[in-house]
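Starting off, we have a lone chain in the form predicted alone, written out as structure tokens.
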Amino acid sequence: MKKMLTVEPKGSFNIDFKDIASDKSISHRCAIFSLLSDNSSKIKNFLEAEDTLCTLNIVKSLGAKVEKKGGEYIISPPSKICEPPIILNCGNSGTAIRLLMGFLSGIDGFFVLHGDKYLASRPMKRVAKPLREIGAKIDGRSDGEYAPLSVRGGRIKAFNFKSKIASAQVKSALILAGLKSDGKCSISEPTLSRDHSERMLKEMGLEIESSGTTVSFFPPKSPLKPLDITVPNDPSSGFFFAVAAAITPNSKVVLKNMLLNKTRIEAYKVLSKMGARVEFIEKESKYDRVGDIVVEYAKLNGVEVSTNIAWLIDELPALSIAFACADGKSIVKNAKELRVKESDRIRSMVLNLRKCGIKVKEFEDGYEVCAGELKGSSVDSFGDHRIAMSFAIAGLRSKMQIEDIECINTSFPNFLKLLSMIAEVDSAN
């Protein structure tokens, strides 16, 4: 039986959240990038969620030694990547399988990547095809569209790739493959996607440069420097509680130690444009900008979201709850990428918002939300953690029942604990 979550309003709140989930994107990269050095990487505040622990287990299967000492993971890479006798299980993580496709494309050996039933239904050719175009040998169901995927790794030739989509996963996969190439590589995209890979690899010593929407780099002649990093808290996870404050009168949250990379806080800027009070307080900037985000309630107004979509693609489900609580219409355009996430998020949000009494128009690349009274309802997560958590936040306005919430553990294991601080929460089978 699928687990059900019931959320009801509890009243206004003023809370500092210190335990928002660690950043998932950076945690995945920490595990994989540790294999690029010949010394041990030290990673504090690594996200211990199902997705990222799958990536950590894959790193072990490839020959690395992984130890946990206190709150720190120490990853010691092998002298040579092992060709594992088992299928590498990516769980529910699109980031893991897509980045590993790129990484393993440049490694001698045969590798098979797979995941759960949800991951097995997600499109992979969007990454497999670009990798094939630069010489990678990748196959899978429906000509590489679906997992399980096989990778026959080997030396990649230098390339100059022009991507038709702005995707950090595509770009990162190509960069990782190019690290084993025989010359200078470059990747351009129509608009700038999230740039964690470039920033982290540069800090590790890679000769990599970004100019506008183009990244160019030379493959390293020797192993990169190991990581010594404290993973900041995830702004996309924190955004659920930002929306909670923005839609609950007389409420305020302070989200502590958050990643403040400009490509990760666009949703907060949209929330500010809608009328919420939002403040960023930067505190450090080694691998990236880190600090606190303050969000306070204010009357919200409708907004159009059609630019920098790659910077807020993960936050659009939660942002849609704010749309439903705002005055006027809100519209999302140029967001076809939403259809290839953990669920078809355009369809998932449209169906669930309609169940809650909100008028929504669906387009191929987005949707329009006409604000109204958000009525209590029973909705489906569609096995998608961000859909589940978004409608849990909607429960701060009216009683919500969300079916199939186990998926929340893929990215934010302590979400319900934090939610119980600001709402009445009951979860049961």
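Start at 1 with the first residue shown and count on from there. What you see is a predicted model, and the numbers here were worked out from it, not measured in a lab.
Keep in mind that the form predicted in complex with a small molecule is not shown, yet the notes after this line are about it.
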For the interface check, one of 402 to 410, 415 to 423, 8 to 16, 21 to 29 should have non-hydrogen atoms within 4.5 Å of the small molecule in the predicted bound form; which one? 21 to 29
Could you tell me if Lys256 has a non-hydrogen atom within 4.5 Å of the small molecule in the predicted bound form? no
Using the partner position in the predicted bound form, report whether Ser167 sits within 4.5 Å of the small molecule, counting heavy atoms only. yes
Taking the small molecule as it sits in the predicted bound form, is Thr263 in contact with it (heavy atom to heavy atom, 4.5 Å or less)? no
Asn308 within 4.5 Å of the small molecule in the predicted bound form, heavy atoms: no
Check all three, Thr95, Ile313 and Lys341, heavy atom within 4.5 Å of the small molecule in the predicted bound form: yes
Single option in Arg289, Arg194, Arg199, Lys180 placed near the small molecule in the predicted bound form, where near means a heavy atom within 4.5 Å: Arg194
